[in-house]
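Okay, here we've got a single chain as C-alpha cells, the form predicted alone, with questions on binding and movement later.
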C-alpha cells in the first residue's frame, strides 16, 4: 500500500518532501520488524514498543507532523502512518506472546511424579492469634466483643474512671495528647488511648446493664521500651456488670480463661493493688511459664509475672455510666496481651513481637 500511495502523490506539490516521509516510514517499518524479532526478553520488548509507537516513538512523531501537510496530502499520509503503526503493534503483540510461551517451557524431560513446590503461606501474628483465642473463650461464656476508636478524650480516659485531677497519668510524660486538641479539659482534650478501660463506661452508657463484654485493642504509653514494655502494645479487657456478683466468681473467671488459653493448669495469685477505677482492686499474677517459676529476666527473677489488674468497678465509674452502685456490681480484668503471648511461646523480650522481623515471626505460622 505504501508504494501505491506513493505513486498517487507524484503529481502533488512538495513531492520530494512527501517522498522523504514515505521513505522514512518504510525504513521505520523494516528496521522495527528486525528489532522486534531480535528481542528475547518481554521487558526489552516493551522498550522497543515505546521507541517505535509510544507517546514519543518514531511513528508517533511522523503522525504529529501530518497536521502540517496540505489537506489533500494529510489524509493519505495519515493513513500510511497509521498502517505502519498497526503493523508494528501486531508484530510486537505476536512476538510478546511467543516470548511468554517460551519462558514457560522447560528444557528436557519432566518427571510428573515428583512432588510440587508448596507455595508459601502467611499466618496470623501471635498477638492476633491469642486475641482470637480469647474471643473464643469469652464467647463460649456469653461475652460480647466490643471496640472503640484509638483516639479518645480525657473524659473517657480519666474523668469517668475516677482518676484524680492531679494524677500523673494525665501528664504528657505518660499519655500522648493530640497536638491542637490538648488544651482544655474533659471531652475537648483528646489523646491516644492510654488504656482500654474507658470503653467500659462508653459501652455501659450505650447498652446499660446487666452487661458482659470484652474489648481488645492497641493502647499507647509514653514510656521507655525494654524486654517487658512497649510504647504501643495490646490489651484485652473484660467486664461483667450484674446484681450481686461475687468477687469469688471473678477469680474463677480469671483461672478458667487462662487455663483455656494455655491448655493447661495455670497457677494464679491475687495481690491487693490500687487502681482508681476499681474498689477493691487487685494485681493478678500468673506463674512465669518462661522459666516455670524458677526466675528469669521476664519475671524479674521472682517466678511470677503480673498479667492483669482486676477488681470490682468503683462506684464512681458506675455512676459515670449512669448506673446505681447500690444496685449494680461486677468484676473487671485487663489482660496484657503482649505478656500473655510471651508466656505462651516462652519468649523473653516483648519487642520481638513488634519488630516486623520475618525471621522471628515465621516461627508462628
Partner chain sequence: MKLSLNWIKKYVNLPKDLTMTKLSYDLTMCTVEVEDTVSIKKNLNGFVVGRILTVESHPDADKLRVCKVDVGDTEPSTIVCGGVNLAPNQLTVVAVPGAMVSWHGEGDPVEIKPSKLRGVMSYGMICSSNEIGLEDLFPTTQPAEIMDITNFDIKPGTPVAEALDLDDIIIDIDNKSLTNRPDLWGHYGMARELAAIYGCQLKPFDKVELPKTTDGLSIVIDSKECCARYAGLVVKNIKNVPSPFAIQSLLWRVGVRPISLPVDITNYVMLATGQPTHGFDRNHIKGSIHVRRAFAGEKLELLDGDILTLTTEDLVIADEKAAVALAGVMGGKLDSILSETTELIVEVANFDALSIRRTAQRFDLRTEASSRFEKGIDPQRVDDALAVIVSMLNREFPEAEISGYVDNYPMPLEEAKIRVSLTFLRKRLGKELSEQQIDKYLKSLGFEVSFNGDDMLVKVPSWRSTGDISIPDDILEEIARLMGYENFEYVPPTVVLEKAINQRGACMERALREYLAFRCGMQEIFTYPWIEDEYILASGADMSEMLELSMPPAPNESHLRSTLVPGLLKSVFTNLRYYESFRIFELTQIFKNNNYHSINETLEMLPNMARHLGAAFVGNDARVLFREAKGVVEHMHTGTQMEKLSFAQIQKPMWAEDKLWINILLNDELVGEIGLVSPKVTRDAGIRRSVTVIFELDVEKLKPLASRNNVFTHLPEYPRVNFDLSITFDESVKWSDIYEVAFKTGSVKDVRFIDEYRGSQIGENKKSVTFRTWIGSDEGTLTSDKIDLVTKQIAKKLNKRLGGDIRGL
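Fair warning: this is a prediction, and the values are worked out from it, not measured in the lab. Think of the rigid core as the biggest set of C-alphas that the two forms share within 1.5 Å after superposition. Residue numbers count along the first chain shown, from 1.
There is another form of the same protein, the form predicted together with the partner chain; it is not shown, and what comes next is about it.
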(request) Please check if residue 206 has a heavy atom lying within 4.5 Å of any heavy atom of the partner chain in the model of the complex. (result) yes
(message) My question is simply whether residue 102 lines the interface with the partner chain in the model of the complex - judged by any non-hydrogen atom within 4.5 Å.
(response) no
(message) Given that the partner chain is not shown alongside this chain, does residue 245 nevertheless sit within 4.5 Å of it in the model of the complex, heavy atom to heavy atom?
(response) yes
(message) Contact with the partner chain in the model of the complex for residue 128, defined as at least one heavy atom pair within 4.5 Å: yes or no?
(response) yes
(request) Specify the contacting stretch among 80 to 88, 287 to 295, 93 to 101, 213 to 221, defined as having any heavy atom within 4.5 Å of the partner chain in the model of the complex. (result) 213 to 221
(request) Could you check which residue among 263, 184, 116, 122 gets a heavy atom within 4.5 Å of the partner chain in the model of the complex? (result) 122
(request) Quick one: name the residues from 248 to 269 with any non-hydrogen atom within 4.5 angstroms of the partner chain in the model of the complex. (result) 248, 249, 251, 252, 269
(message) Checking residue 327 here: with the core superposed, does its CA move 2 Å or more between the shown form and the other one?
(response) no
(message) Once both forms sit on the same rigid core, is the C-alpha displacement of residue 317 at or above 2 Å between the shown form and the other one?
(response) no
(message) When the rigid core is used for the superposition, does residue 166 move between the shown form and the other one (threshold: C-alpha shift of 2 Å or more)?
(response) no
